[in-house]
Ligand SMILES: NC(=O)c1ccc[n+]([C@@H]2O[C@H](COP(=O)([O-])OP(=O)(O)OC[C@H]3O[C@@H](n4cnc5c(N)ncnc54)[C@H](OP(=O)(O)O)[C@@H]3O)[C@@H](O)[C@H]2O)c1
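The chain below stands alone and is given in structure tokens; this is the form predicted on its own.
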Amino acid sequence: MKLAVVGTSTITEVLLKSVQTFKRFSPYGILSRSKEKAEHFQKQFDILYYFSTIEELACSDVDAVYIASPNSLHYKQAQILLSAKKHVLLEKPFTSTVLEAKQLMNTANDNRLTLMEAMKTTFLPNFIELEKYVSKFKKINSVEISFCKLSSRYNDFLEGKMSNMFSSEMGGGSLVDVGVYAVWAAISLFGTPKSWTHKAQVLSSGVDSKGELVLEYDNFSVPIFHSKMDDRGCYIRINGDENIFVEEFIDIKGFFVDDKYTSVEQEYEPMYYELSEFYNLISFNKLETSINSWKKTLLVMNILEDSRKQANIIYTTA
């Protein structure tokens, strides 16, 4: 199956390494504003074609496309490709608004195409094991989720160098860059929250550098700490029938239950599992996955969009 990629960021490189392991996708083409960067990827991963515009890619005979462009471009690029009857694996955050997400899903449905958000964590065998474990809890007292890591781009921002991550025009910010992982983890483990509140530190560029999002459930709350300006860490803590601690949960390799470490076999690199799911969906003519379902994507998008509004984060493109 012919696969093209959009973007030449680190995450694209990681995915292409997984493609080499998975082998059922053939690296067919790459779209990038920088031909120099694209040529580097072509040599490294034996990619056949370079495309300079999304329209060129849409007119090709590629079967599926992985989109890892700046956030604000996700909707337009995915809409063009879906309209051209290409299956789409779309990086998080899915889009900038709930309306955009619904429109992409409508286009995928009309064309009977697979459309999936590329949230790798939820496909990992050890995250699925964690879900099973938590589902057996009769009582949850408290939860805390954190994804806070200092970015070198934050220091660049302080020095006056703008990056997509901290650009309002490009749909950046801490919540959509790292907080989204924690939101996905929370709704996968605990379901739909009753309500949520979000406070953030907003930069002069109009996006957030850090914040705290609190999801409210019937008998407990889930504070989510997200940041690109400090190193609080990346973890999940759950106190209930037992105490669970998960370190580096986005690439979860196991977790502690009280003092006992629990882990299941996880043979491949993290992005392999979402690639496998994407391929299987296409092969069996399925539009969406039950793991990263469209319903869950819309819930995440609703939480992200509303949380930005609460913190007065306004994208100039949305």
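We number the residues from 1 along the sequence you see. Only a predicted model underlies this, so the values are computations on that prediction, with no experimental measurement involved.
FYI, the form predicted together with the ligand isn't displayed, but the following is about it.
- The chain is drawn here without the ligand; in the model of the complex, the stretch among 234 to 242, 135 to 143, 88 to 96, 216 to 224 whose residues come within 4.5 Å of it by any heavy atom is 88 to 96.
- No residue in the set Ser18, Lys23 and Gln42 has a non-hydrogen atom no more than 4.5 Å from the ligand in the model of the complex.
- Contact between Asn164 and the ligand in the model of the complex is found at the 4.5 Å heavy atom cutoff.
- Contact annotation for Lys286: none of its heavy atoms lies within 4.5 Å of the ligand in the model of the complex.
- Under a 4.5 angstroms non-hydrogen atom cutoff, the ligand in the model of the complex has Arg153 among its neighbouring residues.
- Put simply, Met170 is close to the ligand in the model of the complex: some heavy atom of it is within 4.5 Å.
- Scanning Ala68, Ala58, Ala64, Ile47 against the ligand in the model of the complex with a 4.5 Å heavy atom cut-off leaves one residue, Ala68.
- With the partner omitted here, the residue from Ala118, Leu113, Cys148, Ala84 that has a non-hydrogen atom within 4.5 angstroms of the ligand in the model of the complex is Ala118.
- Contacts of stretch 4 to 20 with the ligand in the model of the complex, defined by any heavy atom lying within 4.5 Å, are made by Gly7, Thr8, Ser9, Ile11, listed in sequence order.
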